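First comes one chain, alone, set out as structure tokens in the form predicted alone.
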Amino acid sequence: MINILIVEDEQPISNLIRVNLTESGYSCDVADDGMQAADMIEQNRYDLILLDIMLPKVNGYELMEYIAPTGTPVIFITAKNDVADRVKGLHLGADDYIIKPFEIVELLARVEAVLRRYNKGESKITVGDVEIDTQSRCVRKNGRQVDLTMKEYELLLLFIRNKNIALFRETIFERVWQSDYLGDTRTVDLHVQRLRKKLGWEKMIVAVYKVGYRLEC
């Protein structure tokens, strides 16, 4: 299982991140300050660190200098949105930078992207009777292969990695089709309907009124 360290001194934010990452299948530890984080990094192996900058005792920039030699990927999470701050974090070795406040679906996408870059993503994902092999891009239901188009496959991964989260249609379109949403819901709705039918997930992928869809599991 992928192990992630969340270094954040604002408890409501760290709880929000931890709950959503846990629901997405990650194992999470939380540190409230830079000194505690340094101790945890020394004692444990992490696949990714989510790091706030404004921390008690040891700030994120100082902690980054301690993390860098370990080779552990880092995403800065901070309210500091000046270009100079972002450049400093990236120069210190951070892999990405996300500004508060943020949508949790964006954070999950960035986490997934960084882990994939380091080849640390899970190769097999199981939800109920459906198993996805992310290496071969093969999907099986009850052991039988399900033929999905490329977009249906990407849509399935998006739902699975955001279980129990209501996804706006525009978010779905932008994540799966990698282009700006222009207000036409037919493309998203058609692909969701086809995915539901192929997997028998008519009751699991539910429509959320005036929002979009949610995978309930």
Partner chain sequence: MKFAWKVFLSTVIVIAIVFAVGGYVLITSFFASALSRETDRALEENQLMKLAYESAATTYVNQGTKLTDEAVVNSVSSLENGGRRGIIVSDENYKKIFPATGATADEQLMREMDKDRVYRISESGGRYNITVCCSTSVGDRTVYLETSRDITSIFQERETQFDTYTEWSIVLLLLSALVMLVVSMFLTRPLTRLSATTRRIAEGNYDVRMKVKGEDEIAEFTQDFNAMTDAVQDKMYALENTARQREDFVASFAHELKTPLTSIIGYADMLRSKQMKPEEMFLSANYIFTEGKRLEALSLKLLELMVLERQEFEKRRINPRLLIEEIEGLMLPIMENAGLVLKTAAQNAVVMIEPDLFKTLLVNLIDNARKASEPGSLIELYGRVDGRDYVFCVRDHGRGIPEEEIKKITEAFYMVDKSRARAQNGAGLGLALSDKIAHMHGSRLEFKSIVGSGTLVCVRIRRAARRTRP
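Positions refer to the first chain, counted from 1. Bear in mind that the values here come from a model prediction, so they are computed numbers and not experimental data. Between two forms, the rigid core is the largest collection of C-alphas that superpose within 1.5 Å.
From this point on, the text means the form predicted together with its partner chain, which you will not see here.
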Which residue, F168, Y61, W177, Y153, has a heavy atom that falls within 4.5 Å of its partner chain in the predicted bound form? F168
Consider the chain as shown here, without its partner, and state which of N164, S27, N44, T185 has a heavy atom within 4.5 Å of its partner chain in the predicted bound form. N164
The stretch from 86-94, 100-108, 68-76, 129-137 that lies within 4.5 Å of its partner chain in the predicted bound form, judged by heavy atoms, is 100-108
Give a yes or no for E202: in the predicted bound form, does one of its heavy atoms lie within 4.5 Å of a heavy atom belonging to its partner chain? no
In the predicted bound form, is there a heavy atom of its partner chain that lies within 4.5 Å of any heavy atom of S123, even though the partner is absent here? no
Applying a 4.5 Å heavy atom distance criterion, does A207 contact its partner chain in the predicted bound form? no
Partner proximity in the predicted bound form: Q193 to its partner chain, non-hydrogen atom cutoff 4.5 Å: no
Residues within 4.5 Å of its partner chain in the predicted bound form, restricted to 138-162 and counted by heavy atom: none
So, does M204 move by 2 Å or more at the CA between the shown form and the other one, with the core held fixed? yes
With the core lined up, does the C-alpha of E62 move 2 Å or more between the shown form and the other one? no
Could you check whether the CA atom of E174 moves 2 Å or more between the shown form and the other one, using the rigid core for the fit? yes
